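Just one chain is shown here, as structure tokens, and it is the form predicted on its own.
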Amino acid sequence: MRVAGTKVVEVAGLRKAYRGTVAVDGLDLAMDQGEVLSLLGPNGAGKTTTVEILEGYRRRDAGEVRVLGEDPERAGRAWRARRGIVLQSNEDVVDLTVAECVGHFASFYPRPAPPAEVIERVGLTTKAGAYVRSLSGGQRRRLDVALGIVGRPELVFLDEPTTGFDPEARRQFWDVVRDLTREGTSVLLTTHYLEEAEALADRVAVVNLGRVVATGRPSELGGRQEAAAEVRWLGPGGWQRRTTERPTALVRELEAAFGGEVPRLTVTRPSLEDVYLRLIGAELPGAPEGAER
């Protein structure tokens, strides 16, 4: 159950540089219990460095960080068992079967979920007896997800979790995430699929040049709800379009002008992709090569 006002992530003034190259530059971030928060940003924006600091895998240069109430740099084994991480790959398990691999990882945790149940949740039941090395790329990604959630974590870090999934598998995985949040699990998601962020996230945080430049609900980010709409229709002389802050009034005018149905009428507001691209700014210089790790 979500507890109002309880923060699972609190970050203030986070900074990290590599040999003089700034990767994270005064980043602030907060995340509520039971929330799905998606980090969006271009390559080199500082997302991966930020997440690795939150996971406890990388030291920061400056700033305050608390995850599940503790500083990741000082937290111990009990804290690590409370968070789950979906790694990009696990090359050291290729000689185990799927069932052996999930069972092995389950043994690391004090209260793991039944391995067979986790394997079923990620859609690998028919592959339980198969060796990891024989799995396809998409199946390997499902296994990565299984290893990240088998410990019943309070907070899960999902880094590009559906890379390699076909559209059907991606939507099945979205159901897994929704099940986790219904159980009270918090999820920090990094993804390049904007439709994934829109489908899953309670809030998104856009990161660019080492800072969070905007946060909000996907439907409201960057003023999407209040932005001018584009109205398009097929007129006698061909396609017509007009941008307006009063689309309803314009549609009524068109309806009166056409004496009823307006041919091929569409009304659209900026998509999440439109807003995201505006927020990161195509004219802004990218981070130097290798800044994000």
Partner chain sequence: MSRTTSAPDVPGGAMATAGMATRGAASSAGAASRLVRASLSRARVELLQFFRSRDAVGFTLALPVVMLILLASIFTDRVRGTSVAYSQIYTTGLLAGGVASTCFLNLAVVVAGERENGTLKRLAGTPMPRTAYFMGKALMVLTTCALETAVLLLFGHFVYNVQFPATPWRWFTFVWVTVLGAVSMALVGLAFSSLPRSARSAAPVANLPLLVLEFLSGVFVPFTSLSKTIYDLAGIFPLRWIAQGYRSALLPQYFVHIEPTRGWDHAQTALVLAAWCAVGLVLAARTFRWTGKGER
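Residue numbers count along the first chain shown, from 1. Given the structure is predicted, the values throughout are model-derived calculations rather than measurements.
Below, we refer to the form predicted together with its partner chain, which is not included among the displayed structures.
Enquirer: Determine which one of 262-270, 240-248, 34-42, 63-71 lies within 4.5 Å of its partner chain in the predicted complex, judging by heavy atom distances; exactly one does.
Expert: In the other structure, the partner sits against 63-71.
Enquirer: Within a 4.5 Å heavy atom cut-off, is residue 51 in contact with its partner chain in the predicted complex?
Expert: Answer no; every heavy atom of residue 51 is more than 4.5 Å from its partner chain in the predicted complex.
Enquirer: Quick one: is residue 10 in contact with its partner chain in the predicted complex, heavy atoms, 4.5 Å cut-off?
Expert: Judged by the heavy-atom cut-off of 4.5 Å, residue 10 is in contact with its partner chain in the predicted complex.
Enquirer: Taking any heavy atom pair closer than or equal to 4.5 Å as contact, tell me whether residue 77 reaches its partner chain in the predicted complex.
Expert: Yes, residue 77 sits close enough to its partner chain in the predicted complex that at least one of its heavy atoms falls within 4.5 Å.
Enquirer: Heavy atom to heavy atom, is residue 203 within 4.5 Å of its partner chain in the predicted complex?
Expert: Result no; residue 203 lies far from its partner chain in the predicted complex.
Enquirer: Just give me the single entry in 117, 100, 195, 220 that has a non-hydrogen atom within 4.5 angstroms of its partner chain in the predicted complex.
Expert: Contact residue from the list: 100.
Enquirer: Exactly one residue in 209, 180, 85, 124 has a non-hydrogen atom within 4.5 Å of its partner chain in the predicted complex; which is it?
Expert: It is 85 that has a heavy atom within 4.5 Å of the partner.
Enquirer: Can you work out whether its partner chain is within 4.5 angstroms of a heavy atom in all three of 134, 188 and 199 in the predicted complex?
Expert: No, none of the three is in contact.
Enquirer: So which residues in 132-154, when you check its partner chain in the predicted complex, have a heavy atom no farther than 4.5 Å from it?
Expert: If the 4.5 Å heavy-atom criterion is applied to its partner chain in the predicted complex, 132-154 yields 140, 144, 147, 154.
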